[in-house]
Each structure stands twice: as structure tokens, then as C-alpha cells.
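Shown here is one chain on its own, the form predicted alone, set out as C-alpha cells.
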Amino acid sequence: MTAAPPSARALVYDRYGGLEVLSLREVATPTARADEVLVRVRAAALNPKDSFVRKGRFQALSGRSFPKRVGVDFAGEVVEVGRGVRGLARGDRVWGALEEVRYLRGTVACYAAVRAREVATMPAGLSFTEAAALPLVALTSLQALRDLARVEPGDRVCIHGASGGVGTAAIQLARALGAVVTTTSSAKNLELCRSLGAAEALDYAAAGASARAFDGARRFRVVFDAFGDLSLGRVRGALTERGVYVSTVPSRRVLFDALRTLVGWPRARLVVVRSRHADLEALRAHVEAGRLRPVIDRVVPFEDAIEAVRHLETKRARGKIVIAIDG
């Protein structure tokens, strides 16, 4: 494998704003520092967080340093190993997700410098595009369901907004944890949800269906809000006595509810995903055992990356949007 060139392309922006601030251009190729590897990215996936940050929604965290990059999910090959990294070598096929707040790194790029804890060996049998579709959404779902909600066999779990990237991963991981799963999605995605393991799939657009899901006729030990438009108050009547509501979106309402329910029941929690090598290894085991598979809306060539972001922002993607990085 040849050494990385001094410059290569990446999707970047120099100020906060709409799609017009994005550009695909030549940037300096990073190098692997201590406890890092340099990855030749072969595929990257988009996430709603990419757009939230670009639009300036989280400026208090992302700051005013530019240029910023796009993307945290990746699959590719190791081309350089930094000092102190063990268990990885040049040529290894790897996957992972950057734990990035300021977005000074990004994976919609030819190369990405990745911390050792953010990367692991790819699951056997997956292509680069398939592998890139899973890390962030699967890490989010695993940490929400296993760590925050502490899902156990037999628990009834409702996944709201189940046809997106996080939702499709959450259905499968909830089933892997032994839960009985109910989902809410649009009518066109009901069969997808069932195929992933939902025992009951509800059309949230049907007259009154969304209200009925949480009116108390059904009781859930966990409600996982993958779409981010619910609240503890909205779902309280559908939770069991020791129920947990987990959201993926940090709104003031969710943060307030999480603070005031630090003790007592039912509880509200916000999942703040961490990129962990051990969790990537756990996810690899689920994939290789057939318990987890990627759901991909479309694979887009690198040249069309900005159009891929445009499609992401319609909120109509069924699963993940993946960008194939060609050089």
C-alpha cells in the first residue's frame, strides 16, 4: 500500500450556513499522531448531526474554528499507524466513528486521522459501504438501550421514528437484547420495521395512531425516541412504573426532564454517544452473528456528496445515506 499523498479531497465549510457553504476541495492530508491511525476512507455515512452542526445549532460546543469537516462514520484501510497503537497494522480493513464536537475532523474525505479508541476491525462479510452505514447509529442505539435504559429480556420497547438510521439499528439491537419491540414509522416503512424484528409496527401518520401509541393502552418499559420530537410528558402514560424515556436530540425539555428525574421513576435520559473500541467490537459480534445488518437508503459517489446532504435534510431517508469515496 502506497503512502498517503500530501493533499486529497474532503467536504468542508468555512462558515455556518446552508448547503451553499459546502465545498468539495483539496485539503492537507492528516498524519497519524501518537495513539492514532490514518485511514484511507473508502466509504462514509451521513448523520443529521452533521447538518445541525453546519447550520450553527450547537455553536457553544462546535466553536468558531474553521474550516470544519463533514461526517463521523467511516470504513476503510489503515495506511499509517501512530506511536502507541496496538492491534492494528497497515492494510487492515477497519470501521468506526469519530467522537467529534468541533468537527475539525471529518470522514467525507479521502483520509481521516482516527484515535485508536474510535476504530476497530471491520465485521467479516461486509463491504466498505455496508460497514460505513452502521457505526454511529449502532453505537447510539447500543448505549441508549443497553447502558441508559438497561433493556432486559422480555422488556417491551417502543422505538419512535424507527425507519431512519438510528431506528433501524435500534430495532435489531433491542431484539438482540431480548426485548419485544413496537415501532412507529410512516406506512411505507411498516414492513421494513417488521422485517428487522418489530412485533408490532404502527403508522404514525394514520389518524390518531401516534396518540394511541402513547395513550396508556400499551405499556412500555422503554420508549426510545430516535426521531427526537417526543418528551417524557408525552409518553409518561405509556411507561411502566419503572419506565425510561430516552431521546437522541438535546432539547431544553429533554435536558430539564433528565435533570429532574435523576432519581425516581419514570426517568428521562439523553444519549450522548461515545466512540468506544469495545462497543465497536460488540457490534462486530452482532453483525457476524446475523443479529445486526445495515439498512442503506442509497450509495452516492463522492462527487455528489453535497446532493447527498441535500437528501439527508429532507428527513425522508430510509436507513443510511452512504458516500463512496473514490479518491
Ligand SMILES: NC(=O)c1ccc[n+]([C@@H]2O[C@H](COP(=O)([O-])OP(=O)(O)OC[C@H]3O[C@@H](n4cnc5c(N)ncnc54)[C@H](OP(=O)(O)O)[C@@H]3O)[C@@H](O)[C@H]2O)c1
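Predicted, not measured: the structure shown is a model, and the values here were computed from it. We number the residues from 1 along the sequence you see.
The protein also exists as the form predicted together with the ligand; that form is not presented, and the subsequent description refers to it.
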The stretch from 62-70, 265-273, 24-32, 281-289 that lies within 4.5 Å of the ligand in the model of the complex, judged by heavy atoms, is 265-273
*Although the ligand is absent from this view, report whether residue 161 comes within 4.5 Å of it in the model of the complex, heavy atoms only.*
yes
Q. Does the ligand come within 4.5 Å of any heavy atom of residue 12 in the model of the complex?
A. no
request  = Evaluate residue 86 for contact with the ligand in the model of the complex, applying a 4.5 angstroms cut-off between non-hydrogen atoms, and reply yes or no.
outcome  = no
Practice task
Tell me, yes or no, whether residue 186 is in contact with the ligand in the model of the complex, where a contact means a heavy atom of each within 4.5 Å.
Solution key: yes
Legend entry - Output flag, 137, 204 and 312 jointly within 4.5 Å of the ligand in the model of the complex, heavy atom basis: yes
Picking from 152, 215, 229, 191, the single residue whose non-hydrogen atoms come within 4.5 angstroms of the ligand in the model of the complex is 229
Interface check vs the ligand in the model of the complex: of 79, 180, 113, 249, the one with a heavy atom inside 4.5 Å is 249
Contacts from 19-52 to the ligand in the model of the complex (any heavy atom within 4.5 Å), listed N to C, are 47, 48, 49, 52
